[in-house]
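Only one chain comes next, encoded as structure tokens, the form predicted alone.
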Amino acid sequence: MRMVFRWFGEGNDTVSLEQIKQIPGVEGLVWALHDVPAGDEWPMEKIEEVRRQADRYGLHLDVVESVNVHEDIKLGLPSRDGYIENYKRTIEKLAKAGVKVICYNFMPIFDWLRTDLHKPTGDGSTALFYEKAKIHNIDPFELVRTINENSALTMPGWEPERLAHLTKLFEAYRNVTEEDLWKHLQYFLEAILPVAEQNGIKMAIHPDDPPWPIFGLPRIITNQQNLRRFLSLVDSPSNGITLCSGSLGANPENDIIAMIHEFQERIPFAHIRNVRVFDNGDFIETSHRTADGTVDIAGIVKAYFDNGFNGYARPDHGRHIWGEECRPGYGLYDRALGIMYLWGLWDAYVKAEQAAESKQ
């Protein structure tokens, strides 16, 4: 397991590279050019600027999250081919900068979705929260205002330039079915995966968050069966998964440990985090500790260990603790605690294996 840490860039993150460097076992950044609109080709000079910043602290840039997919590609519009060409050229540039994995998603309009970014918890911390009943009654425009209330820090997947056209986007998706979305995803994969293969890059799709339809929009990367179908769309070593235990874990029916065992050769990147799911369908993000949530984090790390996982992993969303003012879900303190919990589990499994071998 190779530990990495998401960083939103100089001037766009409350966490510094100096702080990230001090977290034990972190070897690289998970990064992106968040000021480049979805669909645009990434400028090489901006890529090189981030590489120089990381190099000063001995951190690599092996993992990008995300090169966002333009809505015209998801909609299957004739204009998609131009955006796909931009995507291909971006892949080629990122390969030149040493990138090994590109995380992306295929969620219509919205990326991850929560109804409260600072839900108080019993211990005085706050966390990202999803209230199922509220989603059925809330105006999507009100939700956008809630997510973007802190305009000083961009929220991944909620870029203002995309959401400014919300009414038109909803109209465009009115007649798009799940099967349509599958076809559009396959078209995209067939176009970009040969370029990814040629450049030694693994494309790793992120599950839908939460893993069910919202506001009548189709969502397809939601469970083990659909992940199996996704991997069969294009049989390529560059066609992979970002297995996010928090996204998939919001649905208690998802067996994430079984997914790791089945798809282990196609998981170049893992998001490991915990959520607590309530009986009414609400869920809140917790510490990474197994006992604090509904997701078996200890079992998940054990599954990765048993399968000899040597891909990249990062702690995902953290709580907001100790008075830290930060981008919701992306503070320093709780994610650093999460890393140490994950390393503690991993080290314990290493020791147990060594002890078993010594007795043979």
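Note that the coordinates shown come from a computational prediction; the quantities given were computed from them, not determined experimentally. Note that residue numbering begins at 1 and tracks the sequence as displayed.
Quick note: we don't show the form predicted in complex with ligand DNO, though the next part is all about it.
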Item to check | Ile73, Ala196, Leu248, Cys103 - the one with a heavy atom within 4.5 Å of ligand DNO in the predicted complex | outcome: Cys103
Item to check | Option touching ligand DNO, based on a heavy atom within 4.5 Å in the predicted complex, out of Leu231, Leu181, Met107, Ala191 | outcome: Met107
Item to check | Site check Phe129, Asp292 and Arg319: each within 4.5 Å of ligand DNO in the predicted complex by heavy atom | outcome: no
Checklist outcome for this item: Only one of 109-117, 219-227, 251-259, 183-191 sits within 4.5 Å of ligand DNO in the predicted complex by heavy atom distance, namely 109-117
Checklist entry - How about Tyr330: is it within 4.5 Å of ligand DNO in the predicted complex, going by heavy atoms? => result yes
Next on the checklist: When the contact criterion is heavy atoms within 4.5 Å, does Arg335 count as touching ligand DNO in the predicted complex?
Outcome noted: no
Next on the checklist: At 4.5 Å between heavy atoms, is Lys202 in contact with ligand DNO in the predicted complex?
Outcome noted: no
Checklist entry - Using 4.5 Å between non-hydrogen atoms, is Ser66 touching ligand DNO in the predicted complex? => result yes
Item to check | ligand DNO in the predicted complex - contacting residues of 2-20, heavy atom within 4.5 Å | outcome: Arg6
